[in-house]
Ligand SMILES: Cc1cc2nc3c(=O)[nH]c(=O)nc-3n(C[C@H](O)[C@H](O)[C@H](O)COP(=O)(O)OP(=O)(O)OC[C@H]3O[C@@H](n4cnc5c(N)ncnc54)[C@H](O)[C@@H]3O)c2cc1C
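In structure tokens, the next block holds one chain alone, the form predicted on its own.
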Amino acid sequence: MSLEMFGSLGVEACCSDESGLVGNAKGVAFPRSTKEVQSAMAAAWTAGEHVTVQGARTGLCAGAVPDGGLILNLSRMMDILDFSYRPGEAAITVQSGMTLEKLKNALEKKHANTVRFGIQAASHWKAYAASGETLEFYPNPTEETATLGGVAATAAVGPHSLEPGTLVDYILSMELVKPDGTVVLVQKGMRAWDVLPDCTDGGRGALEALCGSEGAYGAVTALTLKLNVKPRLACGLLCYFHTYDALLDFFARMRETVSSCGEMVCAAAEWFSASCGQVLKQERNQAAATFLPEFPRGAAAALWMEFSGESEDSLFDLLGCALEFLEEAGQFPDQALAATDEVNLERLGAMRHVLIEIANCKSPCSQVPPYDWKLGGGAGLACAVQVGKCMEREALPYLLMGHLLSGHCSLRILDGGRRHRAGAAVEGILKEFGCAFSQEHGCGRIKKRLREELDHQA
């Protein structure tokens, strides 16, 4: 096998990602098909060269940064390969270089390149195009330029987190090219030991093992994704609280209201500490930040919730209940903001993404690794409160936020020169509360030590 597919042109540009860490490699290949990936992987295997698999390189934790060896960049593999549809149920098969943005546009506009479709897939796409439904890939990592292969590799979910669900619940199968060039179709129901002999937990589902593996088992070249019917209506609510306890009480009442209604779904629930408000106030020069409101004086935290459904009356009744709950509890009812149209829903819902972008500019992850952990319910917020107090004692600028539905929490320290002592204290708090490692922004080389620390205690 020859390594001629791996050229020197473009290597330098592919030796870094959004983490800011820069690596090195001998060559890079840009395959367009599974067959080309097979050839490249087999050649590298025969030559004894290790391969770093990349997508769009939007990751924050250096999972796509090479440490010598060769690069296999899959960003040119962007075709839709198959499609199945019947009202209320659909699936799509895409190459792993397809981006979230391109998939979203194809489904919303009902326009796609169907040259790779078989007769049945083409017929199903025609039926979908003529239907009154709009399909969506429900998981919503907010970096739309990320590839689907990269989303799976880092187990990225974003704010749309179902409590019992994860990204893998929306992946029906993955085509994997192993390091030796062997191709295997990994489907639901397969155990890891059936297809991944090197997996340390062979009893896990094979798809679960692949999600978050960051290329450890080879290159994922195609994914079959479960699609949902996009709800006709959606709205968002941004509100503020004097305490985290008040936030948690409000969230519980809203969940109960949604549950009793039976016609609504809570699609997202993200909290932000007052530190996020301080950073937004300081960074008003950031274009996206100008659309975000300032935290009111005295607010300890903010909560962003998204709801979806089919009934306009139910949506507005829900917002009315929210305002009533805020007034009863004295939690800034006059500062609460509702987004009932798509433009404002995107603007207000972008808070998490904007904050992460600001953090990346001020303190790249290669200089100041993020702390991502998982702990649900009241214990998760109690842990976050202690982490915030630690940051305040150290007088460090920081961002602290999380998802209430999934229990994911994230801390970004914005002063790399003074983070070391605070970092040790934060890790002590996470261990004390029994937190699990979260792959919220990937793991890569950047968060490897944190993963080992939290996994060890488990």
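So that there is no doubt, residue numbering starts at 1 and follows the sequence shown. Keep in mind the model is a prediction, meaning the values are calculated, not measured.
Heads up, the form predicted together with this ligand isn't pictured, but that's what we're talking about next.
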query: Candidate from 139, 370, 380, 149 lying within 4.5 Å of this ligand in the predicted bound form - any heavy atom; finding: 149
query: Of 208, 82, 306, 143, the one that lies within 4.5 Å of this ligand in the predicted bound form (heavy atoms); finding: 143
query: Interface stretch in the predicted bound form with this ligand - options 232-240, 217-225, 250-258, 121-129, non-hydrogen atom within 4.5 Å; finding: 217-225
query: Non-hydrogen atom contact residue 360 with this ligand in the predicted bound form at 4.5 angstroms; finding: yes
query: Heavy atom of residue 429 within 4.5 Å of this ligand in the predicted bound form; finding: no
query: This ligand contact at residue 34 in the predicted bound form, heavy atom, 4.5 Å; finding: no
query: Residue 71, heavy atom within 4.5 angstroms of this ligand in the predicted bound form; finding: no
query: Sequence-ordered residues of 46-78 touching this ligand in the predicted bound form, heavy atom within 4.5 Å; finding: 53, 54, 55, 56, 57, 58, 59, 60, 63, 64, 74
